[in-house]
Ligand SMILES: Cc1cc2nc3c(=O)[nH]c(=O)nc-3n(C[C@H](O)[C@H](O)[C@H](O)COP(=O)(O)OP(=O)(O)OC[C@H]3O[C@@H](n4cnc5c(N)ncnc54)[C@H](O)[C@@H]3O)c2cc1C
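Shown here is one chain on its own, the form predicted alone, set out as structure tokens.
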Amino acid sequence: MENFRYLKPATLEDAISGKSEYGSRANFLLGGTDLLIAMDKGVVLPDAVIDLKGISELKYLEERDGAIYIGAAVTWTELLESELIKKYVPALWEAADLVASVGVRNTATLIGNICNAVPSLEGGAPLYVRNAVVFLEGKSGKREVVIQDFFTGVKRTVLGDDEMVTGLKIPVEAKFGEVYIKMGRYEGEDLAQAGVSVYVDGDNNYRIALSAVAITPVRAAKAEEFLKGKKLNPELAAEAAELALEAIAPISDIRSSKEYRIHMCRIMVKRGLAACVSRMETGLPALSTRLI
């Protein structure tokens, strides 16, 4: 690990000022579960590390104005322990329950997860099906970006060199059912081979998102349009699952083959559709839904 300057600002303004000074040569630190490993391996060599953990403005988790607001410093454990998340964003709650281990969840954050922008990120699919909005702030001001527009590639986002993500919001829905399903090789600290999140509302409008099977999370637009307004049955679910496969472009790697990912995404979409409809109709709670 190379020498670097360590900054720990007390305010958001100071953090943005530090990032503006160093630009792409500085990295923000929240949980550090990805950054510190990358630095230790020499993959990331910043001139400055800006520690955000002391900034109280980033520690909010609340419901207001018809949305759930999550600050950048909120950990996965805090999401998992939140009754607001379990009630209003159950797919994200399920994703939190499947993140790595207790030790990682205690320090890692949802915002760090999306900023790292790896294809297998746990937060991607649940945020996609809820049309989450990401808050960005830099020297030039504030802006909001819909989550589908936030990712531009593997470990790439729309963040400018002088910007940071301060949080995000997720619209509160009235009547809905949703689920997140993760396929992993074993229990514990394993990245997803594939992740699927499915949502349905009271008018039978569906949203289907998949992660770890393309360079960014993706929405299965053709499958969503095919199901729109229809009451689900096994035949429709099977056809929608086939259409969802058109949205993905998986690869073969150390965790899974391309063919296996395609096969399992078909199964996961069908199961996800059935589960979210059942939850909407029966009010079933969120569960841990790992599929191995």
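Numbering starts at 1 and follows the sequence shown. Nothing here was measured: the structure is a model prediction, and the numbers come from that model.
What follows is about the form predicted in complex with the ligand, which we do not show.
Novice: Within 4.5 Å, heavy atoms only: does residue 113 come near the ligand in the predicted bound form?
Specialist: Although the ligand is absent here, residue 113 would touch it in the predicted bound form, with heavy atoms inside 4.5 Å.
Novice: Does residue 100 reach the ligand in the predicted bound form, with heavy atoms at most 4.5 Å apart?
Specialist: Residue 100: yes, in contact with the ligand in the predicted bound form.
Novice: Any of the heavy atoms of residue 159 lying within 4.5 Å of the ligand in the predicted bound form?
Specialist: Because a heavy atom of residue 159 falls inside 4.5 Å of the ligand in the predicted bound form, the answer is yes.
Novice: Taking heavy atoms only, is residue 182 within 4.5 angstroms of the ligand in the predicted bound form?
Specialist: Taking the distances in the predicted bound form, the answer for residue 182 is yes, it comes within 4.5 Å of the ligand.
Novice: In the predicted bound form, do 30, 37 and 72 all reach within 4.5 Å of the ligand through at least one heavy atom apiece?
Specialist: All three within 4.5 Å in the predicted bound form.
Novice: Tell me, please, which stretch of 105-113, 216-224, 141-149, 198-206 lies within 4.5 angstroms of the ligand in the predicted bound form when heavy atoms are compared?
Specialist: Partner-contacting stretch among the options: 105-113.
Novice: Which pick from 79, 132, 210, 165 sits with a heavy atom within 4.5 Å of the ligand in the predicted bound form?
Specialist: Checking each option against the ligand in the predicted bound form, the one that comes within 4.5 Å is 165.
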